[in-house]
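Given next, in structure tokens, is a single chain: the form predicted on its own.
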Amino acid sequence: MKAYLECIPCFFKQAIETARFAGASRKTQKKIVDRIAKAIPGVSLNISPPEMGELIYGTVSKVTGKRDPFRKVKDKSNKLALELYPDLKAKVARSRDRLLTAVELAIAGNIIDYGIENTLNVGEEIKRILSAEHRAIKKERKRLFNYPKFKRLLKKSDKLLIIGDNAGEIVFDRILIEEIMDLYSGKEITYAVKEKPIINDALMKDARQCGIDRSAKVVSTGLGIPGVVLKSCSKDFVRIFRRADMIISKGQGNFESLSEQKREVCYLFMAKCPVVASELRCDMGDVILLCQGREG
């Protein structure tokens, strides 16, 4: 997905909010905005929003001197999600379609996102996504929630690659991984996290804190941007990506950076910005399970 002009003011807003979060003074915030404003004319709209994000968050980090300003937020998100874990597992166990509920919870976990500032509303978001009303919406919009195709791909695939998104959210991904392993034993599952800090995206440390490494092999994309740009990823990750029978991509940033891939990817996320909603022809807050691209 290419960047839109509407992305530019949004990036300035994100830069200011992140700088404030890092404790930057008004003078330092202005310095950050000035640097970004100077760089923007040289940035092409043919790149994805996450690639633009690398410039934004990289500038904030350099100017403030804080490599991982969201570390405390990530730890808090992990703790919150782990506290929910027993109840979520019980919810899956009680459901008629355990895999569907695990998928829905994995998407619900995508609400744990600094960018929308509602980490504390995870419980309400879970209720909303699992509600009868939302189930009806998904039945009417099979174009955007293609669970039958997801199940078909999952059943026939031996090597799975799941690309993670935010800290905390990965606990919900762990539940999905565990359900897949219970249903289809013997599948080889690899879970990818970011190599370097970027916003509240999950790192290797977060994967271990949340127990992902108990059910899947955890690897790094080799990047420190809020998405996955294959041409910049490590050779090891690209090899894993190419060899996977099925790729499950979590989060909006990963969709934005991978959506033009020719091979098929299954995207699980919530539409959180008007640009992405426009791209998908959906509403803000819609639950997305989209498998697109060529199989193989």
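Residue positions are given as counts along the sequence shown, with the first one as 1. The model shown is predicted, which means the values in this text are computed figures rather than measured ones.
Beyond the structure shown, there is the form predicted in complex with another copy of the chain, which is absent from this document and is the topic of what follows.
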Query raised in the report: Which of these residues, 233, 55, 240, 33, gets a heavy atom within 4.5 Å of another copy of the chain in the predicted bound form?
Result: 33
Report summary line: Partner-free chain; cross-checking another copy of the chain in the predicted bound form, the single residue of 22, 16, 273, 280 with a heavy atom within 4.5 Å is 16
Requested in this report: Can you check 253-261, 240-248, 63-71, 37-45 and let me know which stretch has heavy atoms within 4.5 Å of another copy of the chain in the predicted bound form?
Outcome: 37-45
Query raised in the report: Closest heavy atom of residue 8 to another copy of the chain in the predicted bound form, within 4.5 Å or not?
Result: yes
Query - is_contact(residue 290, another copy of the chain) in the predicted bound form, heavy atom dist at most 4.5 Å - result: no
